[in-house]
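Single chain ahead, by itself, as C-alpha cells, in the form predicted on its own.
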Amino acid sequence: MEDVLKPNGTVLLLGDEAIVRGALEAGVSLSATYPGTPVSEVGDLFCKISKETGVHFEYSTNEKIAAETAAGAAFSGLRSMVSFKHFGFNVASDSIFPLAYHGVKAGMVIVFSDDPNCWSSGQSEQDTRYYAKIGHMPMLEPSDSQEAKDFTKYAFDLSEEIGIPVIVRLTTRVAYGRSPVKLGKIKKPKPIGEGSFEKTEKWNTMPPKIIDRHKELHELMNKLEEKSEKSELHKTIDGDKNLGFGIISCGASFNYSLEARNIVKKEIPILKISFYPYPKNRIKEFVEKYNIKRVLVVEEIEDFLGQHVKAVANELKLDIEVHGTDLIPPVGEMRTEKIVNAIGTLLKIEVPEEKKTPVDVFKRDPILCPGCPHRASFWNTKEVMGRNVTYGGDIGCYILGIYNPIDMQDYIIAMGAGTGIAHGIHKATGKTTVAFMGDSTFFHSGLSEIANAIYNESDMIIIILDNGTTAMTGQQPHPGTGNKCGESAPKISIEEVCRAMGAYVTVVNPFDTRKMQEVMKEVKEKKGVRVVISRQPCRLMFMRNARKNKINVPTYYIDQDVCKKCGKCMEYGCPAIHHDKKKNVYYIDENMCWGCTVCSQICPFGAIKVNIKKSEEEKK
C-alpha cells in the first residue's frame, strides 16, 4: 500500500495496484466495485487508501450497481472508475452498453479482467473483449504493470475527450504480475459532493434519437481508429526482414511472445497492439516493412485480434497467411511453449521439446478450509435430506461443495442462479428442491430469486450460508455485515427481508449438528418457500481474529483406544482429518485443526475429543 502512495520514484507493483496508481494520477474521485478475482485487489486497495487520498470508494451489492454508481459520478463531472471480473461485466452490461449512447461528462474508466484457464472462475472461460465492439467503446490492453498504470491514466483523459467510457482489459497474469513502475504525480481529486448534474434533453437512449446516436457511435469508432493508428501505446519490436515471418500480439501474450523469440533464437519482428479499435494501417505497415508472408497472431482465449488481422489482410489485399488459433488452441492460459511450437511449425525449425507435468505429481481437488461452517451446513443438510434431492449450487466458497466427499451441488451457473434454476426444476418435476446461496450472493442477486420463487409459488428450501463476509474474494464486507472499509454501516437483516417477502424463515448454527438437523427435519415437512439461514462466521476470519487477540482455540484428537475405524470422520471431508491406510490409523493433524467441534459430534463412538492438555498448556 505504501508503494502505491509514494510521491515519485520506481516501485514494484502488481498490475491491480498499478491500476489504482494510474487512477490516482488521473485524479479519480470515485471508485466502486463488487469484488471478483483477478481484480479484487483494485477495490481492496481503494478501500484501504480512500480516506488518505480523498477518493470515495464503495463495495457495491453487485457489479451493475457499481457501474451505475460510477456512471452517476461521471454524469456529475467527477472522474470515476468501476472494476470487476469478466463475469461481473456480464452482470453490469445491461447498464454499461447504454452509457456510450448517453455519454459522460467526466472521465469514466471500466476495468475488468478475464481469467484464462479459470484459475479463479467456475462458470465459463470467457473472452470479454467482444464487449468493446458490442458497446462501441475503446479498449486499452496493457501487458505489464507500467502499462497498467499509464494506460489507466490515459483512459481517463480519452474518456473525457470523447465523452464515453473507456475500457481497460487485464488478464490474470497482468493483474497478478509484479513489475517495476515509474511513478508520476498524484492528482488531487475533485471532492465528493462538489459535482454538478445538469439536466439535458438529448435522450440519446430513446427513439428516435437512439438511431442517430448509433450512427454517431460508428463514426466515433472510425475516428478512434485514426487515433489508434497514431497511438504510442502500440509497440514494434524490430526484427529480421528476411524471415518472411512476424508475430502480432496483445496483452500478456506479448510477454510470452518475447520469451518464445529468445528461445528459438530468431530475430522475429513483433507488433504489439494495445488500443482497440485496432489500427489497420499499422498492421499493413508492419507486414510490408518486414516482408512478412506468414503472421502468427498470439492472444489468449478467442481469436478477437486474429479475426481483425484476417479482415485487414482481406480488405487491404495483403499477400499473407494469417495463423493463430489453428496452431495455438483458443482455450486455457497462454504459455511460452505454445508459441514456440507454433513458430517451429511455421518456420520448419526444431524447437525445444515442451516440458510436461510428470504423471506422478500429487493432485487433489480444491477443498474448504478446516472448520469451515459451510462444510457443516452441507453435512447437516445431507444427513436429513439425503443425496437424491436436487441441490442447486451457486458462486462463492461453497462452490467447493461440488467435490467429494461433500458432493452437494448438482449444477453451478452464476450468482443467484442456483435458486432460479431450482425453482424451474421444481416446476418441471413437481419435486421439492434445495438451493444453497451465500450471504453476499443474497444481496448481489439472491433477493430477486427468492421473490420470484415466492411469487410463483415454488416448493423449495433455500439455505443461505451466512459467514458474515464475501469470503472467497478476500473477506470484503456486504450490506449484512454492518461495516464498510473498517467503519460501521447500516446492517440489513437477511431474515427480516426474507420474512417481509413472505418466506418461512429460521436461523441455525451449523456447528450445532443435532439442533440444525432437527430444524431441517421440521423444514422438510413444510411446503412453500422455506429459508434456512445457516449462520457462523468464516472460520479463516475467526482464526485470524483469535490469533490477533491471543485467544486459544482448542484442537481435537482421535483417541485410538476408542476409535472403531469406521471412517465416518473421513466422510466429513475436513482437511485436518487423515487416514493412514498402511497403518489403518485415523488421526487429526492438530496443526490444521481449527476447533469447530463438528467432527466430535459426528463420531458415533465418541472417539474424537478435545485436546484438554494442549489447551491448558497454551493458557499457561
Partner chain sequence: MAGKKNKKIENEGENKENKKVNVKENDQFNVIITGVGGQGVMTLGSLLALAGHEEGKNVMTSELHGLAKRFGHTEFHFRMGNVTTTIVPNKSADLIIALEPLESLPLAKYCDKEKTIAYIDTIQIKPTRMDIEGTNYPDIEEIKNRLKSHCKEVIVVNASSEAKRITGSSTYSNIYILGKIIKNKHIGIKQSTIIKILEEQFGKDNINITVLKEAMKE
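The structure displayed is predicted, hence computed values, not measured ones. Numbering follows the first chain given and starts at 1.
Only in words, not in the display: the form predicted together with its partner chain, which the text now covers.
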Just to be sure I understand the contacts: of Arg335, Lys284, Lys310, Lys526, which is the one whose heavy atoms reach within 4.5 angstroms of its partner chain in the predicted bound form?
Arg335
Sole residue of Ser228, Asn255, Gln409, Gln536 within 4.5 Å of its partner chain in the predicted bound form, by heavy atom:
Asn255
Segment assignment from 434 to 442, 468 to 476, 380 to 388, 343 to 351: heavy atom within 4.5 Å of its partner chain in the predicted bound form
468 to 476
Would Trp119 show up as a contact with its partner chain in the predicted bound form if we use heavy atoms at 4.5 Å?
yes
Are any of the heavy atoms in Arg173 no more than 4.5 Å from a heavy atom of its partner chain in the predicted bound form?
yes
Flag Ile558 as yes or no: does it have a non-hydrogen atom within 4.5 angstroms of any non-hydrogen atom of its partner chain in the predicted bound form?
no
Does the 4.5 Å heavy atom contact test between Gly177 and its partner chain in the predicted bound form come out positive?
yes
Heavy atom within 4.5 Å of its partner chain in the predicted bound form - qualifying residues of 556 to 591
Met570, Gly573, Cys574, Pro575, Ile577, His578, His579, Asp580, Lys581, Lys582, Tyr587, Asp589, Asn591
